[in-house]
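Take a look at this single chain in C-alpha cells; it is the form predicted on its own.
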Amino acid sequence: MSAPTLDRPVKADAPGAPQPPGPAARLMAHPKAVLLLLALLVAVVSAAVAGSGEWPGDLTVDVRTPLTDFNEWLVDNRTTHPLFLYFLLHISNTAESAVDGVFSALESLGFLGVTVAAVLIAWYAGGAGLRRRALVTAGTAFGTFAVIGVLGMWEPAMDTLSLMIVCVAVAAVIGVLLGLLAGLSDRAERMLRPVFDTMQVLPAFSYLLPFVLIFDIGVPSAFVATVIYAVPPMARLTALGLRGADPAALEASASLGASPLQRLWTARFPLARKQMLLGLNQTIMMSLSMVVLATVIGAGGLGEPIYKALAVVDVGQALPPGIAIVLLAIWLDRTTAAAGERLDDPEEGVRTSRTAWLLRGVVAAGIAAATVIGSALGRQEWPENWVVSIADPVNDVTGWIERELSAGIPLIGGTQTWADGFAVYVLNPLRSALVGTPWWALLVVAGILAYTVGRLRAAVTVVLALGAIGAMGLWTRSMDTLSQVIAALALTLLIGFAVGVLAARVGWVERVIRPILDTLQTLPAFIYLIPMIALFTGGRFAGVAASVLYALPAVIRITTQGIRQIDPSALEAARSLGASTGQQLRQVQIPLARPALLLAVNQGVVLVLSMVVIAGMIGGGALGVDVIKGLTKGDLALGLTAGIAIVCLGVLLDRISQPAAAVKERGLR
C-alpha cells in the first residue's frame, strides 16, 4: 500500500508549479457532496419558512385498528385454531416444560450443589489442575454464586439461569446448523447474510413484540424471542470458522481418502473450534441480555425486581439484582473465554484422552457429592440468615447524591444541572429542528445522504423507512427518538474516537482501559439504567448517558484496532519524510483506518438506538415508552406500531452509516 502524500508548502508562482483548484472546481469534483449541500440548504430554508414539519394527516394510514382486530382474533382463537393447537401450542408447552425441568434440576441440586457445579465446570473449562487460569475461573464462579446468595437473589437467579440454559442450548444448535449451511454453501451464505445483517440492526425490544402477539405474555414469548435474538453470532462465527479452515489440512485429509463427512468431522470442525467457542460466548451473553429484558413480558427472574424498582425510582431495590446479573455475566464470559484459551495452550495437546475423562469424572463426582451433602443437611435454598440487605444503605447514598451532587457545586454545577443544560441546549433544539423541518425536506435529505454514502438502493430503502414512519402517524415521536439518538451518537463518537486513537498510540492506556471495556461489554443493556437513575433521576439525558456508556466499548475497540492495523510501511514512509506526530495521524493513520472508523460509526448507531429505546423505562419518552406501555398494558397495537417505527429507524440509520464499500462482516457485541 502506498503512503499518502504529505502536505508540503509549494510556491504558487514557481515556474511550472500547478495552480491550486478554486472552490468551485473542488466542489464540482464531488457531485454527491454538492447534491447533499443543496438538499440541506433546501431543508433549512423550508424549515425557516414553514415553521412546522408535521406529517400530513391525509397521508396517514390507520394501522392500529387492524392490529387491534388481529390481536382480538388471536386471543379468541388461541385455544381452538389448528395453527395453535397443532404447532404453536407445542412450541409453547415444550418451552415451558423445558424451563420448568431445568429449574427443578437446579432446585434439586440445592444451593450447595449449584455452587459446586458452577465452580467445577469453571475449573474444568480453565484447564483443571492447579493452573492459574483454572483457579481464577473457579474463584470467579464461587464468588458469583456466593454474592448472589448473600444479596438474597438466589431464587430469581435460578429462574434466569433456567431460561438461559434452555435458550442457549436451542440457539447454539440452530446457530451451528445455519453456520454449517453458510460455511459450506456459497448460495446459502449469500441468502443468510442479509438476514443476519438485518437481525443485528434491530433493537432488542423489536424481537419481543411479535411473539407476545402470538404466544401471549410469559415464558414461551421470552424463549422464542431470545433464541432468535441469540442465533446470528453462533451462525456467523461457525460459518467463519468453517470457511477459514487451513486448506493444507483439508487437502491432507482428502489425500488420505476421507469422505466429505469425515473431512467435516475430523478437519473442519476441529479447526473451527475456536471461532465456534467465540460464537457460543456471544450467544450466551446475548441470551442473558434478552432474558433480563424479557421481564417486561412476564419472563420473571432477576429482571423483574429491577423493572419494579425502576418504576418507582428505588435504586436500593434495583441494585442487588443488578449486581447478580453483572456477576452472572462475568462468570459466563470468563468461563467460555477460558475454554477458548485452552485451545491455544500447548499443555492441552499432551493431555491424554484418559486424563480428560478422569477430570470429567472428578467434576461429576464433585457435583453428586455436593448434592447429597446438601440434601442430607436439608438445605436446598439459600439460608435466610445468610442474606444481607443493602437496599437502605444504597438509598441513603442515592439520597446524598441527589442532595449534594445534583446542583450547587462551584464551577461544575452538578448532575442535575448537566442534565437540564443538555436537554435545553442540545436535545430540545435538535428535536425542534427535526420536528420543524417539513417532512418532505427530511425525506430528501435522508435519501440523498444515503445515496452519497451508499447506493441508490440504500436511498430508496431510507425514504421508504421514513415514509412508513409517517404513514403510521408516528412522525413527531420518531423525530423525538431520533434527536436523542443523534445527540448520543455524537457524544459516543467524540469520546470513542479520541480514546481509541490514544489507546492505539499509547500502549499503557490500552492496557488500563482493556479490563474496563471487557466488563462493560459483558453487561446486559438493562443494567446501565441503574446508575443513571442514581445520578440523574431519569429523563432523556439519563437515557443518552446510558446509551453513550453502552456503545463506547465497541467504538473504542474498533477504532483502536483500525489505527493499529494500518500498513507499517506507510507510517514509516511518513516518518522518513519528516512528518510530525499530528501529520502522521491526520494524513496517514486516519485515512488508512477509514473503513474501521466507518464500521465503528455503524456499530455505534446500532447500539445507541437499542439503548435509547430501552431508556424509555427511565423517562426517555417517545417510541421507547410506547413500546413499554404496549408490552406491559396489553395495548399491542400501540406497542407494535412503535416497534415497527423503531425498526424503520434502525434500518434508516444503518443504511446511512454503512457505506457500499464497508467491510461486510460486522463487529459483534
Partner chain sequence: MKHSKRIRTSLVAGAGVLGMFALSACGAAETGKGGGGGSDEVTITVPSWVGAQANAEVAKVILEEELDVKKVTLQTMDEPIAWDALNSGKADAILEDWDGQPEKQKLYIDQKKTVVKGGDLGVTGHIGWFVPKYYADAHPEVTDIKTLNKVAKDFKSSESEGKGEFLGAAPSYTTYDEWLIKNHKLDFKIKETGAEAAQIKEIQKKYAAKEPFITYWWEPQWLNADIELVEVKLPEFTEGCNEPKEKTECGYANTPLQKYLNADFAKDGGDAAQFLKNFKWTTEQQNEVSKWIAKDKMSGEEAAKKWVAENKETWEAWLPKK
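Positions refer to the first chain, counted from 1. Here the structure is a predicted model, which is why all the values come from computation and not from measurement.
What comes next is about the form predicted together with its partner chain, which is not displayed.
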Just one of 551 to 559, 188 to 196, 264 to 272, 579 to 587 has heavy atoms within 4.5 Å of its partner chain in the predicted bound form; which?
-> 264 to 272
Tell me, out of 75, 105, 362, 372, which residue has a non-hydrogen atom within 4.5 angstroms of its partner chain in the predicted bound form.
-> 75
The one residue among 138, 493, 296, 485 placing a heavy atom within 4.5 Å of its partner chain in the predicted bound form is 296
Is residue 312 close enough to touch its partner chain in the predicted bound form, meaning at least one heavy atom pair within 4.5 Å?
-> yes
Wondering, does residue 524 line up within 4.5 Å of its partner chain in the predicted bound form on heavy atoms?
-> no
Is there a heavy atom of residue 177 no more than 4.5 Å from a heavy atom of its partner chain in the predicted bound form?
-> yes
Any of the heavy atoms of residue 625 lying within 4.5 Å of its partner chain in the predicted bound form?
-> yes
Since the partner is left out here, which residues of 88 to 103 would have a heavy atom within 4.5 Å of its partner chain in the predicted bound form?
-> 89, 90, 93, 94, 96
